[in-house]
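Encoded as structure tokens, the following chain is the form predicted alone, with no partner shown.
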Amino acid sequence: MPQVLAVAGKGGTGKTTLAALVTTYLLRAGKTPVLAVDADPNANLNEALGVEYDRTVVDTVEAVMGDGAAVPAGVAKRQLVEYQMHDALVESRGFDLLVMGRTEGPGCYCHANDLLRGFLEKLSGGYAHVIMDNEAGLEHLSRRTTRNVDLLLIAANPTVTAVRSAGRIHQIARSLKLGIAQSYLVLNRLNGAAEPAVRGDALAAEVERLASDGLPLLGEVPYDEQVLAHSMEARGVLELPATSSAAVAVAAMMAAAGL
């Protein structure tokens, strides 16, 4: 069975960059093959990894399940969706990428999420690790697209408000009984907006409170000019040197988490 990791957090916390950095760590550590799943409707994990994609899960679902879709006789639509989802996989060196995509109009993701879960259960057996970049906020938790996860990383900017939001995500995940083995808080300072917390200040106190509530701090991703440069040039973090401060920090966190 693969080890399943998920990254959550509100918009602007750098969760997608964190997911890409964790993927980079797994590849460099030889913990392959890796399946990277972009479950955020605002899909950009592919950019963080430096790869392109042609179609999404939602594209596939809409093409097959939509009114007037041509389906071969004797083939169930669900079976055809699963078959065509394989074509949505982007194959790269050491990892594959599957992009969920976004719906159009007021519709929900419920059916697409259900199909994705079933497909992932079958597909993931061929990978050593699966990492999911979830949609911003709490929607993916209430829709139960994140469940049976070995390690959940909840990203937060280094502010009291952001850390409290991470705590609410943790509480919702726990109340929904999603089968998450271990959850950690990750402070993400890639925007360089704040200095490290000093013990005794409000931020440190909030971090300590979450730790006592079952969401310990795994580590901090420091501001890294090399990550910013790669982002500005639309280059993936896979090209970051292993000595970059962000890469070193993520490697240390993954080792502390037992990966």
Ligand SMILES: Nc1ncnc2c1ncn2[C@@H]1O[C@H](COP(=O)(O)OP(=O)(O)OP(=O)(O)O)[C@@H](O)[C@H]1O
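A residue's number is simply how far along the shown sequence it sits, counting from 1. Keep in mind the model is a prediction, meaning the values are calculated, not measured.
We do not show the form predicted together with the ligand, though everything after this point is about it.
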message: Is the ligand in the predicted bound form close enough to N188, V221 and S231 that every residue in that trio has a heavy atom within 4.5 angstroms of it?
response: yes
field: Residue stretch of 202-210, 50-58, 25-33, 222-230 approaching the ligand in the predicted bound form, non-hydrogen atom distance within 4.5 Å
entry: 222-230
query: Can any non-hydrogen atom of G11 be found within 4.5 angstroms of the ligand in the predicted bound form?
result: yes
